[in-house]
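Take a look at this one chain, the form predicted alone, written out in structure tokens.
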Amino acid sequence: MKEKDIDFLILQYLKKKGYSHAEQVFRVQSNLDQAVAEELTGKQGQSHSLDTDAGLQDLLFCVAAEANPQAYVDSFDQLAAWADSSLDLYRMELQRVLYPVFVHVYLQLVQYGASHVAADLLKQYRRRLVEVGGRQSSIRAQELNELQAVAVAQHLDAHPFAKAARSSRSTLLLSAYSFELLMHYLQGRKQWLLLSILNSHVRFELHEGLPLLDAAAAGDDEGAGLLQGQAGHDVGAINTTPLDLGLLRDGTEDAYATQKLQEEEERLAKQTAGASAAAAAAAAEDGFTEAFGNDMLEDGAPLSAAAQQASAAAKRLKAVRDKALAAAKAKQKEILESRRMPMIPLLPAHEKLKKSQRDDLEARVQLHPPDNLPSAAFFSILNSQQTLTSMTVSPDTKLVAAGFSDSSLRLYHLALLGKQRGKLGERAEKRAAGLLPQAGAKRARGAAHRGEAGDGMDVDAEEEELLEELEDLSNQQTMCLVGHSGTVNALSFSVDQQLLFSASSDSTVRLWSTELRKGLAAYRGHVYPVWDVAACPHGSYLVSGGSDRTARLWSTEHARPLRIYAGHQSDVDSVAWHPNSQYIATGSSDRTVRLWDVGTGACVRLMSAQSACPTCLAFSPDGRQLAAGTEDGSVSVYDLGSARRMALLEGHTGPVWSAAYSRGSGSLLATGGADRTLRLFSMPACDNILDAINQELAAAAAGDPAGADAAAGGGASGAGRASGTGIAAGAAAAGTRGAAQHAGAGTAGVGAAGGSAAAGSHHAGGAVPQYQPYQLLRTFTTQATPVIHVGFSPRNLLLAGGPWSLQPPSRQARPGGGQ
């Protein structure tokens, strides 16, 4: 019933009863002028065709039925029977209306205190509602399980699903004629209760023509859930917001690439000059000093075969190199022009950090799946199955930070761990060689100290010194940080690795100094547990997400949040920074992933996580794609420009707790989870400036048939390097050495911590597959460690870790997480 009809009925009632004063007050308070009131009451012609008695009867029926739970049950039963008896052409579309109506009928019954009636209705229709398009919908099954947990009226404002359902409007796609049939039935049968639900909680999108009979019309699994269409028509507006996903200008990698390209150009110029000199010398032997542009001697006699070959090789080599350099410079210019300026103030990187980043770029290993896969260092922490809740490794692989359920943090210094292992090995070797007394000597010394008889042996001074050194190393290698009063749920190092951020269930985020190993600040603003925290890749910002359904932007220089990002219908469980630091991504238990503009605080992308809640997020190095791991073991990869899911990666049999892209081209995605596996997926290569320049150099040389002949000339080695290996080869060689050094340190740290590296591995399908994007390349299975952290060092060493667990980990939630 329209609001105009209700106003008409009230005015008719007041006029019939002679309540002229009340009628006047109603007109004033309802903002009805005299003309509108006369039109409603019929004084200016009978333009309103509503029958007064019938309208009053309908209104009274609707008001009375709202307090009668059985009226809701009867109305829904009749609607289900009518949809099932519809013509085959329209039945599939009309049956789609049942699910959102059922959910809100259930919630209305709970609101009126008829929980037992609601439970019976759910039991009656559960099996039917879970089936979508002839198959079981995991989304609906999960939503109905959550709906079943809403048992009393107090849950309506406390349960996340109930709150989200009552505050949002789902979207249904129907043909125009199916919608007319539905409205004709509801109005003809006076189903005012159901009409009220549809008007308040459902938005219909109509299309012309015949009903859609494919899986999309019947309700595919991606759109079967009630909350899949939340935010309604706003989703389209949000996802068409223009984005500038380019990386920041004047980055260290761009400067490094420019420097290397200039060095390559100088090197090639020298080699070209050398090749020209060699050709000139060959021609001089025939009595002619100008080899280029002339194949004849001064007397008209032809050049010798050797002179002609040298001249042709020099020309072809110069052409190949000129072409390669021109292509590389053009690609470099194209990439640099796509860079953007920051819209928020960022602190410039200090020289020490820039030097460290350049060293990492020089030593970075270029990963090219499926053949060139990374080395891995895995860290397990003993005796922490029920207590370890979070873990992270510093980018320089010197520190491992771990958070525990007892509110403490621990920092493990990997270099000292390796040094201690070396000292223990040295001690064992000396004892085996008889250079140190055996363990019984120490017991003899203790007996003598107590006044007991002994054999007179004492510990050697060298043994004393070694024991003291081991004790010092033991005290330094592990540091316990205390400050939180709740479980430590997440950890994140700053870009310079001097600061460590921690998020806790005590509703705070704390800042720690890794050098002083002390707490520096506490950020208070969240009112419930904080589930995740992430440090900005540029500057002194951090972002946190918590159970209060918000994400908050902080600065190390301020104690209060700079921005609050609100919009999720449930806990914000995971957060991540875009590589350009101008956007942040949040994943929530409402099964959505949002992208926010850091400066304005506006939501610029809204994507559904489909079948389960997102548990971790990872941006590709170029910022064009976002990977979201979920609690059902799948990983969704989204294109941020179009806000569409590009791929669904499957393989895990438990929740995915961490994900990370490889550095540089981002051709690998590593994921780890509760199933105690670490998996590598192939990804589309990003537009990385170093790789792009090398590819242009290689492509230009490979496309010229003279490249093969040039190898026979004096500049053969130079031609090979001109084809693109000049920049990449040095980086790959240095990167291999760097990876080996890091792997050695990591292995020492693992052993000292008592962990185990990946116990076994196998290729998907038993053999190395040909490279294709979004394919499972390899699976590493740990002995007894669920993987709660995955990352890549700047040199592309794969880092992962977790707690030693003799029992299978929980498949429901990450330790200390928000699910």
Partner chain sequence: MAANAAAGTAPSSSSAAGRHTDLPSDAVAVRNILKTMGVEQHEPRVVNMLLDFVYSYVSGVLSDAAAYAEQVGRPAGEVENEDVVLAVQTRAQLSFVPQPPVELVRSLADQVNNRRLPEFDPRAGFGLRVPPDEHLLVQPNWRINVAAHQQGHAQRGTH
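If you superpose the two forms and keep the largest set of C-alpha atoms that fall within 1.5 Å, you have the rigid core. Positions refer to the first chain, counted from 1. Because the structure is a prediction, the values reported are computed rather than measured.
This next part talks about the form predicted together with its partner chain, which is not shown.
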- [ ] Would you please decide whether residue 149 lies within 4.5 angstroms of its partner chain in the model of the complex, comparing each non-hydrogen atom pair?
- [x] yes
Open item on the list: At 4.5 Å between heavy atoms, is residue 556 in contact with its partner chain in the model of the complex?
Closed with: yes
Open item on the list: Residue-level question: is residue 549 within 4.5 Å of its partner chain in the model of the complex, judged on heavy atoms?
Closed with: yes
- [ ] Examine residue 498 and determine whether its closest non-hydrogen atom to its partner chain in the model of the complex is within 4.5 angstroms.
- [x] yes
TODO: Counting non-hydrogen atoms within 4.5 angstroms of its partner chain in the model of the complex, say which of 522, 176, 415, 326 makes the cut.
DONE: 522
Task: Interface residue in the model of the complex among 277, 344, 648, 336, criterion: non-hydrogen atom within 4.5 angstroms of its partner chain - done: 344
Task: All of 540, 566 and 599 with a heavy atom within 4.5 Å of its partner chain in the model of the complex - done: yes
Open item on the list: Given the stretches 507 to 515, 667 to 675, 84 to 92, 187 to 195, which is the single one in contact with its partner chain in the model of the complex, using a heavy atom cutoff of 4.5 Å?
Closed with: 507 to 515
Task: Is_shifted residue 537 between this form and the one not shown (CA, 2 Å cut-off, rigid core) - done: no
Task: Cα displacement of residue 485 between this form and the one not shown reaching 2 Å, rigid core superposed - done: no
Task: Threshold 2 Å Cα movement between this form and the one not shown for residue 642, core superposed - done: no
